[in-house]
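What follows is a pair of forms of the same protein chain, given separately as structure tokens and numbered structure 1 and structure 2.
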Structure 1
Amino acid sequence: MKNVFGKLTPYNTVIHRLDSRIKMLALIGFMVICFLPYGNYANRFIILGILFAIILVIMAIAKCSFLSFLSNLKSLWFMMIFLLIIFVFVPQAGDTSSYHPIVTFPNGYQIYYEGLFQSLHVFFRLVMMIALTLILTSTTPPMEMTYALEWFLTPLRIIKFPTQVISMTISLALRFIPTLLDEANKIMKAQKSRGVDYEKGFLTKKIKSVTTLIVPLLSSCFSRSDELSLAMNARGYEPYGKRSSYRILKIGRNDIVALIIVFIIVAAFSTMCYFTQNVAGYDNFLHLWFGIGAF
């Protein structure tokens, strides 16, 4: 369960030391280029493959555990099946005359290679998203992420948007995730002692056993937040007051270098996207140059 959020790894690599704002920007940049279209499927897979290789290199630099990456992917198999069914078996919309059928049923219904590729494509993007977020969460303490978020939200202060309150809320929420997990674990143990089996049972029984966990968890959540807000008040917390920060974010030389590298990568991929989408012939450049990949 804890793995879902990605645990901070105890190393001190270049990526760990980078400014959290840069890392967030890089994350956004990479995600955007993940989702850009690059012409036909052969192109897309090649280009995304290059991108994935870059991401793997970053993972290696950040000493991300490849095992935890794989264990994150394990939960995706259901998604994959779902995608396959939707893309492959649901009839394609629009013009399918240029598509390549795998099989044609007697009644004229066709299943296309394109459907298969589409689902693989989406899946590939998801895998990369997970890799990217894993890199961020395993190299950045949650608190630094909230600082970064607060920094990004500062312009909104002009329109009187309470950025400090939002960032305080987020950091508190992050702070309480492990506590709540512990609590849930404790409650589950107590209910198991009363004969609840969380693994077995049919739907109605499952719903019942989940309520035995959710109700106490919610009730303790509320009482906890009550206590917390009282404690904060007692210590003079003033949401709209001017506050200083224990940690001051500072851009160093490494950060600038990283920013430039990210910029170059994003620019390169955007260019590829531009060419493959708008310049005639390039949407199929592999075919053009190497005579392969007619898809």
Structure 2
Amino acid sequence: MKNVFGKLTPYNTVIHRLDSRIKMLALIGFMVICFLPYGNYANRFIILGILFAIILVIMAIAKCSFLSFLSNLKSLWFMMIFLLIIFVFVPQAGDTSSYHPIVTFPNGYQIYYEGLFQSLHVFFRLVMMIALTLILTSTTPPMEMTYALEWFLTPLRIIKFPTQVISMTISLALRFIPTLLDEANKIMKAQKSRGVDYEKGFLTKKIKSVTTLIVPLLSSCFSRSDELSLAMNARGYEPYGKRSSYRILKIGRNDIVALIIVFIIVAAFSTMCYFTQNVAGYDNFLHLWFGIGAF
């Protein structure tokens, strides 16, 4: 219920004033460099740590709440345990002769440091994905996202792809995320007043308790969607008709500067990836740093 995705924080920062298309391109660029291979685990954690520091600086500029960000990480503990089970406790496939064991059991089963590092690596990437998504959703109004998506999908109009319908559907989904969360919170409080306990008991009891929340919430969702469709029809909305836009997206000077900065960051991390993967002798980060400087 404490999820903040989809909620706009109305501040007048540089990030808020940027064009939504630039912010979406920056999001894609940062996500790409998050998943680039950077050689050994030492290089990966150091380079991704630098990238995470850049993301935190952007969050500070955009005045995103760090407490809200930390509260959203609570839902990742189950994912972290799942990753540990997969990468640490499940036997490693392939050649494990170069792996470094942590524990060796009497039956010969071994737990390796590489499995632990891999799970931490994946978890670190998920944390950065949440931070990037939080920056976008908290600084960009849903309608601006709709305009940006429609602009990116414009080339698909050649093959008669309904870009306006898709962008409007995504916009409505983003808009109703916080509304549905508030509705679920109200239903949960009403059910608690009737004696339903969502926290205590075994798993089977909790599943039965959740049904008292899901059924009214689904009913509310269908009711709201029906009311929304009637309201859009009453206002003459034609999804496949030719429509004009109230707000015209324009690229300004700050947008160009931001795009150049994002391009420099993506190029720098892509260069690090190239050196760690294709140039011999740059498996150490210090060697990598001085090698890039000399290059």
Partner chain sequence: MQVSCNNVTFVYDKKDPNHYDALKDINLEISKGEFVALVGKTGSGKSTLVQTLNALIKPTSGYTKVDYFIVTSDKKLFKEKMKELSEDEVKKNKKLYLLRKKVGLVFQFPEYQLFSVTVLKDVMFGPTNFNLTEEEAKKVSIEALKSVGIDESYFNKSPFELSGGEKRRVAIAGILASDPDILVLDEPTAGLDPDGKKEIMEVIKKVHEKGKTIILVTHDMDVVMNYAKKVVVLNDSKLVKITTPHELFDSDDIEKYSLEIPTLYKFKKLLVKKGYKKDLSNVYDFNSLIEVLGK
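For clarity, a rigid core is taken as the largest C-alpha set superposing within 1.5 Å between two forms. Residue numbering: structure 1 sequence, from 1. These numbers come from a predicted model, not from an experiment.
- Here the chain appears twice, and structure 1 is the form predicted in complex with its partner chain.
- P141 shows a C-alpha shift below 2 Å between the two structures [criterion: core-superposed Cα displacement of 2 Å].
- Shown in the overlay between the two structures, fitted on the rigid core, is a CA shift at R235 of 2 Å or greater.
- Core-superposed comparison between the two structures: the CA of Q118 stays below a 2 Å shift.
- Comparison between the two structures places the CA of T179 4.3 angstrom away from its other position, after core fitting.
- Core-aligned Cα shift between the two structures at T169: this is 2.4 Å.
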